[in-house]
Structures are given as C-alpha cells and as structure tokens.
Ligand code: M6R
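Shown here is one chain on its own, the form predicted on its own, set out as structure tokens.
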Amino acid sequence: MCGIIGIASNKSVTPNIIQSLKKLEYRGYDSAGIATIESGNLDEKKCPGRVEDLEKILLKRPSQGFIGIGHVRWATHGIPNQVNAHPHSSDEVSVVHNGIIENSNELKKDLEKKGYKFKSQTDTEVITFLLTDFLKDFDLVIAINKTLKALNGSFALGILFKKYNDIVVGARRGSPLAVGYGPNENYLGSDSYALKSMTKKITYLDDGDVCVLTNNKIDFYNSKNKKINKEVLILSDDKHTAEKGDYKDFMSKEISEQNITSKNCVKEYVDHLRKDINLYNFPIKPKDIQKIILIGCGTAYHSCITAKYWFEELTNIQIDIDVASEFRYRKIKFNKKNLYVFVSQSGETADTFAALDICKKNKVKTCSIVNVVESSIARSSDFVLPIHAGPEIGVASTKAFIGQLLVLYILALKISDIRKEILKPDYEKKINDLKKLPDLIKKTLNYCHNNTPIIAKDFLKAKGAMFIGRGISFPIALEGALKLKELSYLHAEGYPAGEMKHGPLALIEEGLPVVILAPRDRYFEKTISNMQEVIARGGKVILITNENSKIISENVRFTLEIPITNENLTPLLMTVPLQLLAYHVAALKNCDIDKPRNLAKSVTVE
C-alpha cells in the first residue's frame, strides 16, 4: 500500500523517481506525485490516476532538482484527487507518507488554532505543518524528533526541507522503509524492489530510526536521537525477471510460470539423492513442539488453513490457525513450547508483522514463510523459509500462494519425519511425489488454458458464484472465491460442502455458477451428493475433479480435470483452474487484472 521513493544526487533526480514509482505500482495506488528542490524552492507536482499521468505533467513542466521525493498513494483518508495526493507541502517542508496517523484529528485542531489552513482531507498534512511549526523554534534534528513523538500510529516518511536543500530525511515506525547506496547518490524506498534497478546495496530502517541522506553520505539515528551504524545488505539477483515479456499482463505470466517456480522451490528444499528434506536449525526442536500456530491474512491465511490438514495428518501436534488482524487483539496464552508460524508474500503485511512483534515481546519461537527474504517479517523471525517464487507483481497472489502451500507442506513433512510420526517408505514416497509436482502443474496449466475461457462466459450475467469443497478442498474453495472477488468484482463465497444444508443452499437459484471441488479422495462420494443438491436447485455446476473419475451427469455444465497425485498435493493442482477461471472472467469484464480496484499488493496499514 502506497509507495515512497527519495533520492539525493548530483544530477536531476526526476527520471529515476518516475522509474522507481513505476516499480512501486504493483503495491496498488490511486494517485501519484513528486517534489524536488529547484532554485532554492520546493517544487511539487501531483495528480490522481497513474504514474503516466504524472509523467505528462512533467513533460509540460519539468522538475530539475538534484534531491526529490515521490509517492504513489492508496487512499485511506480522503478521496483520490489532486489535493489529497502526496506530497503534502508547506512553504518550508514537503512530506510523503505511508501508514496512518491515528491522532491526526487532534493534531489538526491544535494546528488550526495556530493559524494553519489545511487543504486536504488526509492525515499526512498534519506532519507537514508540525514540522513547519517546530522549525520556527528548533533546529532540524529536534524539530524532526518532536514531530515524530507527537504522532500516534504507523508511518514511513520521506521529507524535503527548503532550508536544508541538500538532504532527504526518512523515518519509520511500523511501515517499512529501506535505504540504498549508490555512486554520487543515495536512495530511500518503501521496499528493496523499488531500489533494485539503481543499487544492490541496501539497509533497512528499524522502528524509531531516522536517516539523513545527501548525495555522498547517509547518517542513521535511533529513537533516542543517538547516531548509530546499520548493517549493509547485498541484494541477490532474482532468477525471475519482473518484466511481462510477451504476456498481456503480469498475472497471466505469474500463473503460467508456476511449474517453474514450484520446481525451483522443490530444488531448494528437497535432496532427491538422499531422499530427504533439507531443513535445519529449527528455533525449537520439533520433538518438543506442543502446538503450532499458523498466522496469515487473505490468501496467506488460506494457505494456513490448508496446512492445518497436512500437519494434523502427518504429525500428532495440535494445530491452531489465526487471522493476523484478530490474533493481535486477542488475549493470547503464549507458550515457549509452541511454534508460531507467520505467512506473508511481501513480508511487510502490517497485521502479520504486528502479530509477530507481539510474539517476539513474549519471547516465543517464530518462523516466517515469505517471498521477500529481506522483508521486516523475515528479519524479525527466528527462522525463515523462503518460498522462492521470484517477484510477484500482480496484486492478486497466484504463484506465491502455490509457493506458500509447497513450503508449508514441506515443513509438515520434515517435522513428521524428525518426530518419527511417518514411516520411512511413506516419507520417501511423498518426497518422490514432490519431484513430480512441477510437471503435473504444467500439465494442468496446459489443459485449463484451453478450457477456462469458455467456462468464464457463464459468470458474466451471474449475480455471484459459490465454491464448495470438503476436507482439504475447503480452503482451496475459499481461495477460489477470493480470487474471483479480487479480480472480477463478482460476489463469491467459499463453503465446506457439508455446510450447504445449514444456510448456503438458500442462495442456489437457476443459473448460479457453483464450482465443486471433488477430487477422488475419501470425501468424493459425499461431495458428489452435495453437487446433486445444487443441480436439483438449478445451479450451473463447474466440476473440478481428477482425470478418469468417470462421473456421468448430463447436468454438470463443465468438468475440469486435474492429474492424479497423492491427496496431499491435490490442492496445489486444484488451485490452477480456479486462478485461470478468475483471470478469464475478469478479462471478459475488462477489469484491471494486475491492479484490482481498492486493493494493494503489500498491505502496510492496519
């Protein structure tokens, strides 16, 4: 959500700011802006809409400053328009902000009494006027500290000062912020991806940190205003490029490469020669684990629900799952013999990070499953398991979900082996099945690419859709419904098939698309019975099952077949047709597939 870029250089910074803002578009946004210092004055330009709209403004009225800040905004306070877009500037200060200032209304009233006139509806403008007010009586460092102490809530800030016209200031509390090092210029960014095209050397700010950038120097201060040193990290080169190539959009590319990303993930964790999984240095001995708590939001939460089935089948460990935004507000009974597992694509999800922070304060053992190993969640965890999916740009997660499932399954399998709760032949058989999985995903992709565009047409005139499944198919039904909602804006719900009689059956009417997940597993016959209940009430059934299931029913509108594999891996294959179905419905409706309305890739506000 939102994106910040700041550059201090010895040349015009506008081209690099614009290019970096384009890198940040994947986070989701509704307006864009830039501020530079030119000829001793703050020069601000901003607009609603896309970064290309900002570019058009800059073509007519260029900004040539050697220091600058840029922003793409995801609206929290105030509608998306030119006035509410960032930066927010006074005569002396210009600010870009990610996060939410919770006491902005109180601060605004105090500042209005002092004569400050607010133009926007945003919470950010109070930061601009607080800094401006404190600068009347204090030097730069004290003014910044007093401002930060006055703010309640979360923030990552990029700040320019008219009087101090060779520096960019960054500050962080709650929202992520990174610093990059370059020749004759230094950078500030919401994440490493925005900086990667300019530098591989970065530092991450911790909560309470402030940084001061010039073109040849970076100084860091902690929350006590003490000068500190920070670790410099070298970013690795991704094997997967973040370019669309010949694909129409990033999402179609990311769906299509899932056989490759799953192969990379399996290679990282599985030793086929030894027929073993390479996981070491657990933060707590697997034999000592009393309970595992799986925590995530959205798609990551669905991966946690799926993993609960795996852990319960493969181990004797008690498993809990929790929505991160609820976990952080509950009265949790922490136990040092529990392992708390946090799942997040970006590794910056605000609610998930806050839940992790609570666990750290209670001194319990934590593990994170992330796609970005340099992220806040990864750096704060005792144990990190990367999903090795490469950059995922589409807001609606696809290959990262497959990666999360895969790593959670691998973790469950390894813990089961260490605890001797699985027989060695079964363990080795499941490892062998993992080796075959990428080819089965490729086979599923090839089959469904040809069939889902036809099926998608049935959803165009529907009021909504339903997805149902039993057992481990249930969380995949939830994910299928979420994908359709995210991409096509159609109302969709996922349910356990056995719950149909307890309310959802009332929604079935003539022509309602109902996706039935019925792999050939122990629940197959019961799920098919639920399917017949849907057919009897006029629902249009889209059945997803294994090939050679030989279901004969003239009333099943469409059948999508997935390859046969062991039951544990079937959810990964069932996910593929659901992704493609949501994609093609959205495409037929001319929706913005990579940037669905109102959504953001990295949810960095509560």
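Treat the numbers as computed from the prediction; the structure is a model and nothing was measured. Sequential numbering from 1, following the sequence displayed.
Note that the form predicted in complex with this ligand isn't included here; everything after this is about it.
Item to complete: Using heavy atoms only and a 4.5 Å cut-off, determine which of 100, 395, 144, 481 is in contact with this ligand in the predicted complex.
Response: Exactly one residue meets the criterion: 395.
Worksheet item: Of these, 411, 297, 455, 292, which has a heavy atom no more than 4.5 Å from this ligand in the predicted complex?
Response: It is 297.
Worksheet item: Counting only non-hydrogen atoms and a 4.5 angstroms cut-off, does residue 185 reach this ligand in the predicted complex?
Response: No, no contact at 4.5 Å.
Worksheet item: If you check in the predicted complex, is residue 376 within 4.5 Å of this ligand, heavy atoms only?
Response: Contact with this ligand, no.
Worksheet item: Should residue 417 be counted as a contact of this ligand in the predicted complex, where contact means heavy atoms within 4.5 Å?
Response: Judged by the heavy-atom cut-off of 4.5 Å, residue 417 is well away from this ligand in the predicted complex.
Item to complete: Report yes if any heavy atom of residue 306 sits within 4.5 Å of a heavy atom of this ligand in the predicted complex; otherwise report no.
Response: Close contact is absent here: in the predicted complex, residue 306 is far from this ligand, nothing within 4.5 Å, heavy atoms only.
Worksheet item: For the chain seen here without its partner, which of 130-138, 346-354, 150-158, 425-433 has a heavy atom within 4.5 Å of this ligand in the predicted complex?
Response: Checking each option against the 4.5 Å cut-off leaves 346-354.
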